[in-house]
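Only one chain is shown below, in structure tokens, and it's the form predicted alone.
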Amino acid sequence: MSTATDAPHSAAAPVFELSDIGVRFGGIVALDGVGLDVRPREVHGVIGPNGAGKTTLFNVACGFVTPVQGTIAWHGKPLDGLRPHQLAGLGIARTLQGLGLFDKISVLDNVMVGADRHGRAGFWSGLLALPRSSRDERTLRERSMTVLDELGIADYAGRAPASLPYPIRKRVALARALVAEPELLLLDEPASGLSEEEMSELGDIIEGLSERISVMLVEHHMDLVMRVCDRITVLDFGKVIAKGTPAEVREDPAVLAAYLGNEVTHDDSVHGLNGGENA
């Protein structure tokens, strides 16, 4: 996260933009004119009460959901008909709540799947015993082991994901996203299922990532959001009700009303937006 001595993020052009996004499921309006932008080396949080539209917005950013209106742009260029398989080629990586790890192969091989775009022959050719460069494979393995080591889980490289505790598997999924060396990382509730200590370690990781890449974070845990985010977009009933720094969002009357109801005091607001799973 940036400090007061850093150059303001507003001075840099966004790497990723969602503009006037509208999504409808039948007669239900899930998103109505929602927009945000993520700037270089910024952590941009998306929060809101249950049912606010956070997951839908994340799915739009990943290409899982096609909006009925609005524009998705990458470095100012519209991405028409964005699909999930296009993300890696653009320089975008994601982690999902479901993790999506392959239980029949090792942790290292799972991470190498994420490094595949850097290989000439491709990881899947190795799994299928097709001809490939041994040097290429060695490079991918070294890259993957480096990321595992950075996340403190290199000792699990030879293990099957299914044999590992859930917090470790979450780090494996994160390693698989990071090994692609993305410019933008999309994180969907990365703190779910973590203890307070593990969440603190995750905060350290995210703050370290923001020194070199941009992050869009959808999260329930407000302590983590307020700690690591440079800017926050708040949704309620599919609309943006507030944007700004953590300090600005914490004091915004519309945000307080959305989370705690209309009758709140200052002390209530500080407690409600600083602790627990209130999103």
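Residue numbers here begin at 1 and follow the sequence given. Predicted model only: the values in this text are computed from it and were never measured.
There is also a form predicted in complex with a small molecule; it is not shown, and the following applies to it.
Exercise. With the small molecule left out of view, which of 49, 246, 40, 70 would have a heavy atom within 4.5 Å of it in the predicted bound form?
Worked result: Exactly one residue meets the criterion: 49.
Problem set entry | Every residue of 25, 28 and 54 near the small molecule in the predicted bound form, heavy atom within 4.5 Å | Affirmative, all three are within 4.5 Å.
Exercise. Just one stretch in 28-36, 246-254, 224-232, 208-216 has heavy atoms within 4.5 Å of the small molecule in the predicted bound form, so which one is it?
Worked result: It is the stretch 28-36.
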